[in-house]
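Starting off, we have a lone chain in the form predicted alone, written out as structure tokens.
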Amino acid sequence: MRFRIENNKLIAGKSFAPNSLRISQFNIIPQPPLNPNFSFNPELQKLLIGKQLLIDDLPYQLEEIQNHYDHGYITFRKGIEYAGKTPVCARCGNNEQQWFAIYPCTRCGEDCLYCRKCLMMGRISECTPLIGWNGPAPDSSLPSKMLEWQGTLSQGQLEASERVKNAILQNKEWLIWAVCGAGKTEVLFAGIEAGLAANKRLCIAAPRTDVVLELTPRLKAAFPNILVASLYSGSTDRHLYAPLTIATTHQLQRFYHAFDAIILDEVDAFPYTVEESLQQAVIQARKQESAMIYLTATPNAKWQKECLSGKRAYTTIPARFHRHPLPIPEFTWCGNWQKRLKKNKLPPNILTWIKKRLDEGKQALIFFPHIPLMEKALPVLWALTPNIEAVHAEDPERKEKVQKMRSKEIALLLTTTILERGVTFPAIDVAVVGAEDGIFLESALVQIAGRAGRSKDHPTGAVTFFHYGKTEAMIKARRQIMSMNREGVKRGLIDL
């Protein structure tokens, strides 16, 4: 696409006129004043507000988009900015040369630089404008009673809930450091209700689709009269305007200065921790004056030091709502299990552990460090029972297998770290095969241990780390769990 300036307005066109330029070539992009007498399209308003979208994302003709811009209701931003001679993607923040490429563009008639880092969200190039909304927000009328949840909070949850509520209303940043199974979702309800009542637009974001799928029905049940948008790859809510949004951090790349408060769940989880573009997406999705709530059971070492030194505002929930201590992992040496697995065998103590669960009718999650090792172990375990399945991130039947585990159709589920967080099974034991592997960081092991004993009806559960040599991550994980138990007892949140 090419543009020219007439009467201090940007004119979009598909022609390659000599005086037209790609949008990245303009030093300043003019913004016409808002015409209050203009009759704008309310559907376009809902589609664009708080967003940064491509022309291809909009089901409207270029003429209508241009007309809204001419009257000040739409903004155009450069898709590719330049910091000196270095290109920067305005959507994902990428400035690494290897993530840019050039292609012959039929829209601008030139060889055009584009960003490969966020290509899955649609191609953004030197001639691509990012389109946003500059007019008023849609009218929103919310019911006087929004929260229908009838449960009660523990003392630890109540303290954290008040912190979340105050942070949202006062546009502060706050960390909720809560053990696995502490009931973090319920802690959010009062703050969400207060934010909605204050006409704030809220977002709960998480790095993984599993977490979004888990949270969505719970939030819809708690706020049945509030429109909730659930955004993930393949979601039908992609263009739905809602006062409450639940989204993967990838989906936030489409938002720009949209939310008055973002609640970032599992802030320590992959891929958010390693993808700067996702961290940039969260920053861009916030309004300049907004609240930021972080939720995690396993803050990284830097954040832990900041909390303990008073540099970061935080609240801990060191105990689960059912007032039972967290299961403490047992370390069990199993020898060179990979060598045995090459011969289609597993260590006897692992097999004994599994047989005991099968005999007792107790479901179990068994974690493996890598997919090939897990798939190699599966037929070995089928000799014990055919009622075992395996799941990993790329498994097309992933959701179905997790549901079968929930409905107790299968006895054991083998898994990679994909199920270390974001899913809850009421009564399970947990084992890690090869806990010494480098993929099992302290945070991953704490999360894995946190799968057991989550239900008030089944508040205990066995957690066993089978290993071929203890690691610092294993020791730190167990130390962190024991430390939280001690704090829970000290604060009167755990019954001895």
Partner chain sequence: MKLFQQNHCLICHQAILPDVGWQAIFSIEKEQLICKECERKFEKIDGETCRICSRPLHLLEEKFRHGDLCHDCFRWEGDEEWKGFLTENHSLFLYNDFLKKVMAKFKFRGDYILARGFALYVKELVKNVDTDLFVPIPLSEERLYERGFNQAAAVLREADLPSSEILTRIHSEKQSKKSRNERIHLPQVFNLKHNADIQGKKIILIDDIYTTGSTLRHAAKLLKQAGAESIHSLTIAR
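Numbering follows the first chain given and starts at 1. Here, rigid core means the biggest group of C-alpha atoms that superpose within 1.5 Å across both forms. As the structure is a prediction and not an experimental result, all values here were calculated from the model.
Heads up, the form predicted together with the partner chain isn't pictured, but that's what we're talking about next.
In the predicted complex, the one of 103, 333, 82, 382 near the partner chain [non-hydrogen atom within 4.5 angstroms]: It is 103 that has a heavy atom within 4.5 Å of the partner.
Of 119, 137, 313, 378, the one that lies within 4.5 Å of the partner chain in the predicted complex (heavy atoms): Exactly one listed residue reaches within 4.5 Å, namely 119.
Contact label in the predicted complex: residue 1 to the partner chain, heavy atom within 4.5 Å: Answer yes; at least one heavy atom of residue 1 falls within 4.5 Å of the partner chain in the predicted complex.
Exercise: residue 257 in contact with the partner chain in the predicted complex, heavy atom 4.5 Å: No, residue 257 sits far enough from the partner chain in the predicted complex that none of its heavy atoms falls within 4.5 Å.
is_contact(residue 368, the partner chain) in the predicted complex, heavy atom dist at most 4.5 Å: Judged by the heavy-atom cut-off of 4.5 Å, residue 368 is well away from the partner chain in the predicted complex.
4.5 Å heavy atom contact, residue 114 to the partner chain in the predicted complex: Close contact exists here: in the predicted complex, residue 114 approaches the partner chain to within 4.5 Å, heavy atoms only.
Candidate stretches 402-410, 93-101, 141-149, 351-359 - the one whose heavy atoms come within 4.5 Å of the partner chain in the predicted complex: Checking each option against the 4.5 Å cut-off leaves 93-101.
Per-residue C-alpha change between this form and the one not shown, residue 394, threshold 2 Å, rigid core fit: Shift of 2 Å or more: yes.
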